[in-house]
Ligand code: ADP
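The form predicted alone is given below as one chain in structure tokens.
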């Protein structure tokens, strides 16, 4: 059997966990399975890298911060190396690699300090160091378990992307390059450890697949090498019917469809990246979500079609870090091209739109965006306000005290009464629904409400559809 196994965050959080990962991989490798390991940065490291890079562009930054930061982050990886690896020769090799990467990082951060500027290209380069530091430790831990292993950047493994920094996408040649580079290693018993999240363009310049992109890396590789399954190892027991912090009796979903997984991951569930499913769908490869710390515990398998399933709703998810922007103006009604202008302007500003709603009067448009994109969105829309068709957009309102809830289930499609039950629940708890969105596939009903009603709303919906009994 051939598997791609992705480990990230807390799954490579320290040396003890990395040792556990190596033992887990060994248990499959010893059975003759061909394994590709994909790793992300150690928990919190990418955030720290991005924070220091942005900090160094400030007029208040000090050059000494570069040395302090690299020493701190280096020590964490040195400690992990000594804990995860027993072989002295392997330890020496790994420490040497870490020192080399730290020197590169010091030079890059020093350059940002003197320039006082952080371009998207530099941002990708700096944020790539989390994986470039963790992968040698994981590969070393495998060698310490007597498993042949090499570590590769995403680009070295064959992932070639366009040149869109901070959110690149693989180009057509990627599948063939991955196949040609990884299959020969697998055939001789080598376990490649591929750095997730990072890749390169055709000019060998580092790009990234966006935050959380290590899952996407695993799926791209799994599709290219025709793996039997793609395993996402994390710190929870699969995908759940709701956030257990909101609903204590939430349960693990043993099996869900590709479309359900995409909807759940996009609307709040952080277990897998929304793009993870896309490459797997083309080859019909199952994606399994399992707990590194409880390998035999409950898990979720994501497949094309779930058979023998009578449940209308699979999960209720919530997103809190969002803001609602509403554009209004009587002159917007019947004016051709307004929506096009709005969405083009937001796209140019790099704003990710989560939900859209337009009143039947056509005099207002509501847009839900991530909080991180709010300032950019407002700046773009205020610029647009005075420049489109005689200023037909009169007002731009923003409400930051909102959350979005999504009710997901593929069997909802074509079933009468689902929407009535959903909003009947909201009536019972006296929650005011501000905005509603339902896709034509009917697999997802999403709506926006005030943030203080989220817990009650999720609990009510979870009980209404008996999700704790799945």
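Nothing here was measured: the structure is a model prediction, and the numbers come from that model. Residue numbers count along the first chain shown, from 1. The term rigid core refers to the most C-alpha atoms you can superpose between the two forms while keeping them within 1.5 Å.
We do not show the form predicted together with the ligand, though everything after this point is about it.
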item: 4.5 angstroms heavy atom contact with the ligand in the predicted complex for residue 393; value: no
item: Contact of residue 234 with the ligand in the predicted complex (heavy atom, 4.5 Å); value: yes
item: Exercise: residue 296 in contact with the ligand in the predicted complex, heavy atom 4.5 Å; value: no
item: Residue contact check: residue 136 to the ligand in the predicted complex, 4.5 Å heavy atom; value: no
item: Contact segment among 442 to 450, 456 to 464, 20 to 28, 7 to 15, judged by heavy atoms lying within 4.5 Å of the ligand in the predicted complex; value: 7 to 15
item: Residue (of 158, 238, 170, 279) lying close to the ligand in the predicted complex, criterion heavy atoms within 4.5 Å; value: 238
item: Of 121, 72, 270, 146, the one that lies within 4.5 Å of the ligand in the predicted complex (heavy atoms); value: 270
item: Contacts with the ligand in the predicted complex, stretch 238 to 255 (heavy atom within 4.5 Å); value: 238, 239, 240, 242, 243, 244, 245
item: Cα displacement of residue 175 between the shown form and the other one reaching 2 Å, rigid core superposed; value: no
item: Core-superposed C-alpha of residue 243 shifting 2 Å or more between the shown form and the other one; value: yes
item: Rigid-core frame, C-alpha of residue 25, shift of 2 angstroms or more between the shown form and the other one; value: no
